[in-house]
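Quick heads-up: it's one chain on its own, the form predicted alone, in structure tokens.
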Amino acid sequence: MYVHVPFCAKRCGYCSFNTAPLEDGSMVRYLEAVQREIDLLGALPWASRIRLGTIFLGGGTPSLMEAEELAAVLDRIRARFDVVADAEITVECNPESVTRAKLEGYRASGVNRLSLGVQSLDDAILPRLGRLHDARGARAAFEAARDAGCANLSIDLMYGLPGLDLDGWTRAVDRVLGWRPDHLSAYGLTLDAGSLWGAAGIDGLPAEQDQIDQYWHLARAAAAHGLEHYEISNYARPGFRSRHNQIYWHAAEYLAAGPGACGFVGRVRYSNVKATPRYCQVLADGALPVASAEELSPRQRLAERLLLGLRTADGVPTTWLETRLDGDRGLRQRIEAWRAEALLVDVADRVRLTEAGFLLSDALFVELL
């Protein structure tokens, strides 16, 4: 289950996620609504057959919740659904919004994985992004999480940022890897629609080759520190892959709660009302806040399984790709060209992208769709 917590103290310039300002009373209204939504989901005829293996609170900034508020949400999920004993329960946190005491409270409520949104360790770049912490605060938050007993700790970084050169990126990567996180997510900046930068633009972006060099430094440095590059943007120590995100990449089922949250059940993909006040009102009226839903065709289902699976180092069964290539001579020729360039390789009965293929994957994914 994914639970979307929309609130942010400040919206970052690059962010295109569904967020809302934290105003007086808004958290209380949201918590009432999301617990009501969990109740309604739990009352659906098929809900008793659901077993939840992961719970992920994302945002927004979920760490704006106090420990008792987060505990109430988790308690309501456990009351309505069968949650496996060793479920992975993740909370996204911003460095400036956590303390050791708060994180100890999260741990006491059952949280066993934290994702810390560091993004950068450059104190000249962080304010430009809209971040409210500095490099020292990021390290302090990491240490607070370890002191609170978190043994599964992920760090988020971004490359391709305005003003970020290869030397600055190298220093940040090497410092973070020196902290010995269990998991590292690194995303290249994209100017998505819905973000401030996507609408207004931003100057000082690194050249394309500089961004490529930043990608390769991370890949090599992470490998040197024993982290597996198991998905395009994700690295993990052995045994610390994100179980929750692997559900998405395996095109498996997941429930969703919260404004703008998206779920996938059976062959149906659905999304909730985005605006937080409207989301709360729909639930106050006693209805589920589903805004749209579609049933995927077999062709759509296959395309999604290919695209999501090829994001991972495990790849996909060769038979899936062959089914997609059947009758499409042009696409088959392009796939063979990828194989000839060692961007795509066959391993036993599976096919996967190489490290270089990960870097160019978007071009292939467009073809597969």
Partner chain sequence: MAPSLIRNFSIVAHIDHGKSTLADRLLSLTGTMDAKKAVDQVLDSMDLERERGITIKAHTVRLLYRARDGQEYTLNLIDTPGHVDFSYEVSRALAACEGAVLIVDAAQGIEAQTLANFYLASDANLAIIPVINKIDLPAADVEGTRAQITETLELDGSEALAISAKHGTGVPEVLEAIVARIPPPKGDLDAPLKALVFDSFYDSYQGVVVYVRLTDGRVRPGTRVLLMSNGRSYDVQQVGVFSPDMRPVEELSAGQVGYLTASIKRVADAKVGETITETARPTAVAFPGYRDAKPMVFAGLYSIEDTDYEALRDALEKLRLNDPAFTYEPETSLALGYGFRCGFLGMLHMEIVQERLEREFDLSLIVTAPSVQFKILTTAGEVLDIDNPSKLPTPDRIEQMDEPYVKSSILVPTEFMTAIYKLAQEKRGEHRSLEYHGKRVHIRFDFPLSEIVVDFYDRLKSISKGYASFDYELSEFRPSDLVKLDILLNGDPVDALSSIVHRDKAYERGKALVEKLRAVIPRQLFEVAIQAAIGSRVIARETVKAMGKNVTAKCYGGDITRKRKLLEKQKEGKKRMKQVGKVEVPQEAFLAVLKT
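Given the structure is predicted, the values throughout are model-derived calculations rather than measurements. Positions refer to the first chain, counted from 1.
Not pictured, yet referred to below: the form predicted in complex with its partner chain.
- Contact with its partner chain in the predicted complex, defined as a heavy atom within 4.5 Å, is made by all three of 245, 249 and 361.
- Contact annotation: residue 43 falls outside 4.5 Å of its partner chain in the predicted complex, judged by heavy atom distances.
- Using a 4.5 angstroms threshold between heavy atoms, residue 198 stays clear of its partner chain in the predicted complex.
- For residue 147, no non-hydrogen atom is located within 4.5 Å of its partner chain in the predicted complex, even though that partner is not displayed.
- Shown alone here, residue 232 lies within 4.5 Å of its partner chain in the predicted complex, counting heavy atoms only.
- Proximity to its partner chain in the predicted complex, defined as a heavy atom within 4.5 Å, singles out one entry of 203, 208, 86, 285, which is 208.
- Out of the listed residues 296, 72, 291, 108, 296 is the one that sits within 4.5 Å of its partner chain in the predicted complex by at least one heavy atom.
- Between 22-30, 330-338, 44-52, 62-70, the stretch whose residues reach within 4.5 angstroms of its partner chain in the predicted complex through a non-hydrogen atom is 330-338.
- Annotation for 247-285: interface residues with its partner chain in the predicted complex are 248, 249, 254, 262, 269 [heavy atom within 4.5 Å].
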